[in-house]
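Just the one chain here, laid out as structure tokens, in the form predicted alone.
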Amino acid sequence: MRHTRRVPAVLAAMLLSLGLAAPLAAQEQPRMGGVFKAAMIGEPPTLDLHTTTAVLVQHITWHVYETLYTYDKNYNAIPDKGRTYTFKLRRGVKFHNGKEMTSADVVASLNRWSRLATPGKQLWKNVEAVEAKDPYTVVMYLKDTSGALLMGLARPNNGAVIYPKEIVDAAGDNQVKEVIGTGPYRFVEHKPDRHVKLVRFKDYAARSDAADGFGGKRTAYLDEILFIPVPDVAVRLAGIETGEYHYSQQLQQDQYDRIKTLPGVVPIIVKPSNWSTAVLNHKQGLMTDKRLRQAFQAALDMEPIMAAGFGNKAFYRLDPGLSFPEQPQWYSKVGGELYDQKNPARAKKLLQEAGYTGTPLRWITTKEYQWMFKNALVAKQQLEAVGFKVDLQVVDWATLVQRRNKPELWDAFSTGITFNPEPAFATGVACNWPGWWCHEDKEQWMAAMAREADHKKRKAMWDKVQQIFYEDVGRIKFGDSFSLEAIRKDVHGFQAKNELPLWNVWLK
């Protein structure tokens, strides 16, 4: 039997995270206008969201592109247990080129997403077909029931955004040539090392229901948004202090007390932000040897690594969970005895058993995220103390994102695994993401978790994955981190979240 349930498509974007900053006073009314200047950590490696998990790209493009579903304030999409899904599209939703969005655009975009995106590849293992029934109806047929389909479609990072069919057809599996979506802001220009410029989309088809998390009504109050690459963290801080920028991301946590004293500036703590990690290359090179991965893991003392990266203890914690304590429905300490071992003797023994002869471990990191560089620098010292030779390669973020797709170029790279409400599509354990950790038992548990609807059973499966993560050393988790950002006090409606949603934001 195929069970069909009709579910309304939100056509919004999707995201997660936590609290609000700069609350809107009751007597103040939002106003239209102004140019919002956001100081970002660097250049985006692409503006094609289907092709990257780089959060910087998501920060910019989800104002331009939208997905079929989004998360509400509790990070929920609409659950379902059937194998056939019918999506009814809203009429009159226009792309930025003036064309109305139809089911043909949705089907073409979802099929491309399934080929190119990390979560799309994972989700499509259980998809039999997707088809356009009429211009406003899309039907998806699953091979089996799913406990995670709609959460996958609602995921913001590397998300299932909808492009015009003709742009998808022209790009194929290459980068899209035109940045066109249905979002509240439309793309105008990208001037490398200067800005990405978005402007209000006057024909945006906003929903009428109240805002709820990332869903509901979205209003583009701002005339323009300029996403400005500012790789130097000191310049980002100086710019928010002088008022040159309305928002500055990824500030140094040891500047928190000073920022609190700055007139006109509101400091923001995003908690949790991510877990800091070294991603190991399971496809090629040194780290294909499990004993070397275990030696890497055993050598590390996480407290000085995290202290170097984040300074103030209010901005980090040592914890083995692949999900955060703020996610009690998923959080676990299973496998935690292998986390933060600080056991140089075991590391040296494993190196000897592996016959390690001093081949350099090529580790790519970046100073654009200062914490990534400082985490890697201290870990390098600890690894070299037990006998590893580490070649730390410092590049800009866009270069790191490009290089990590080429397994012949590296053995480890720095990144952060961001807050994710649906473990079935977690980048931190994905087989088809750079690092290519494709452990057979882990893949079976992940596939079972994606199909299962009962949460208690799904949680037990996620615990199995976490145990294998530590035993096989899927990645190296250093610890949880909380980011420090800042906005000017004339910014209203700002949500202190990892994803930087700037609709419903206005300038006093």
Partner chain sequence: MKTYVARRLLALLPVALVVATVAFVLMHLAPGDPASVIAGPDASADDVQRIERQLGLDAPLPVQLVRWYGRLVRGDLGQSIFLRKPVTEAILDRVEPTLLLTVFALTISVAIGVPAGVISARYHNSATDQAFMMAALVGVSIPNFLLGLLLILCFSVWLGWFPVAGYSPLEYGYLKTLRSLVMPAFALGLVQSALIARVARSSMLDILREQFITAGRAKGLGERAVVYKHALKNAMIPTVTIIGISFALLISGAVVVEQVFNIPGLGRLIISAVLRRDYPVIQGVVLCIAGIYMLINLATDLSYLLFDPRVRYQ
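On a predicted model such as this, the values are computed, not experimentally measured, just so you know. Numbering follows the first chain given and starts at 1.
As for the form predicted in complex with the partner chain, it is not shown, yet the points below apply to it.
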Which of 320-328, 210-218, 102-110, 431-439 lines the interface with the partner chain in the predicted complex (heavy atom within 4.5 Å): 431-439
Does any heavy atom of Lys367 come within 4.5 Å of a heavy atom of the partner chain in the predicted complex? no
Within a 4.5 Å heavy atom cut-off, is Asp257 in contact with the partner chain in the predicted complex? no
Exercise: Asp169 in contact with the partner chain in the predicted complex, heavy atom 4.5 Å: no
Any chance Phe296 has a heavy atom within 4.5 Å of the partner chain in the predicted complex? no
Would you kindly say which of Ala238, Val139, Leu392, Ala314 lies with a heavy atom within 4.5 Å of the partner chain in the predicted complex? Ala238
Would you kindly say which of Ile228, Leu150, Leu89, Ala308 lies with a heavy atom within 4.5 Å of the partner chain in the predicted complex? Ile228
Where, within 377-416, is there a heavy atom within 4.5 Å of the partner chain in the predicted complex? Residue list please. Asp396, Trp397, Ala398, Thr399, Val401, Gln402, Arg403, Arg404, Asn405
